[in-house]
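Only one chain is shown below, in structure tokens, and it's the form predicted alone.
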Amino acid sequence: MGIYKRLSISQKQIVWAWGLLAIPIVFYVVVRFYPTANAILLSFQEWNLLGSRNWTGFDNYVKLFSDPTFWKVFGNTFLYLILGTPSSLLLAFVIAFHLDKLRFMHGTIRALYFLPFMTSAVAMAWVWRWFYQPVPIGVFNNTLATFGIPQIPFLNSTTFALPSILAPAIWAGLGFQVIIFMAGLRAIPQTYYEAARIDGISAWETLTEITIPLLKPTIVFLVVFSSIGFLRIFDQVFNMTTNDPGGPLNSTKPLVLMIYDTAFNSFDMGYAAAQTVVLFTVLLVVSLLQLRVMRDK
């Protein structure tokens, strides 16, 4: 205590700053960094949760990159990313752009869009699974049958299964993206739009020359956030294909589900850790590339 009293005001501020920072630093070291380092170490070992760990070197990675199932799953994961991210962002922007101009029941409509984001992903997945069921249970196929249109095997077709699962995943995150876009739109100073109206600039030019460029920080955030979400998609796939997780024929299985299956069904923790390291690397590279491409020049 005597030492603390002898410190200057600036030194005391530094002590307090590091004291307050110590809590989140310890949290991240224990909860984030240690598990990450342990997973990387485990990826070079063999372990079944019960016995001792045995060092295997790069065997898990050799097995992984020579596994055709992994490459199928890897492709599925990027399909979720490539199809999901632009579709969800475009839809969210269109909704936010028009909702921002709406005054009647604005708060209620905004809350309705945000509601799916707050709802349990498991519950939503089972509701959508019910929608996709054949006649006479499924809502979509019953509607098609009413108009004499043949049924669609939404979750039992290698062609339709992945888009059918992607749709509720997009819908679940749409509300959050709409709210963030609306916050970005309202942060744009109205003076820009007033100047554009005075100069007689068209609505399309206003959108492309003022709104979208000034929304760039918001777009960058949502692109990275959404990409990470689609690369880690799990709940919708697992709950909508419970009879054959990731099926049919692995056509919907993402990398996260493969990790889960390897770890908790095959109990091959080393191989699952190698898959986790690959997923971590993909997330890191994709995020850094997006930030680099979309950052301000």
Partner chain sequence: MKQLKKWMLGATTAACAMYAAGSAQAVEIEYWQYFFEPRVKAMETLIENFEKANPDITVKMTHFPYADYRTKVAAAIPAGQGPDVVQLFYGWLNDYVNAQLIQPLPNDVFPPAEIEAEFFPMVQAMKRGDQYMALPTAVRSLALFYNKRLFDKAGIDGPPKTLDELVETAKKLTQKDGAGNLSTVGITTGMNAQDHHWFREVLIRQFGGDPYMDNYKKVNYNTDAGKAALKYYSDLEFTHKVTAAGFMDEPQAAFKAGRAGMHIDGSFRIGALNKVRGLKWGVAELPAAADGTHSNYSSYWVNGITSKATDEKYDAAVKFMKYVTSDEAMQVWLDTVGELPAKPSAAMTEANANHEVYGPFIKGLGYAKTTIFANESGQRQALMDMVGRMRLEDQSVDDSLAQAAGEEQKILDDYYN
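Numbering follows the first chain given and starts at 1. Computed from a prediction, not measured in an experiment: that's the story for all the values here.
Another form exists, predicted in complex with the partner chain; not displayed. Remarks below refer to it.
For the marked spot (Q151, P245 and F267), a heavy atom within 4.5 Å of the partner chain in the predicted bound form is present in each of the three residues. Only one of 84-92, 190-198, 133-141, 207-215 lies within 4.5 Å of the partner chain in the predicted bound form by heavy atoms, and it is 133-141. Among residues of the shown chain, N48 is one whose heavy atoms approach the partner chain to within 4.5 Å in the predicted bound form. Looking at T119, you'd find every heavy atom of it more than 4.5 angstroms from the partner chain in the predicted bound form. At the 4.5 Å threshold, heavy atoms of R129 reach the partner chain in the predicted bound form. For K63, a non-hydrogen atom is located within 4.5 Å of the partner chain in the predicted bound form, even though that partner is not displayed.
Along 154-173, these residues reach a heavy atom to within 4.5 Å of the partner chain in the predicted bound form: N156, S157, T158.
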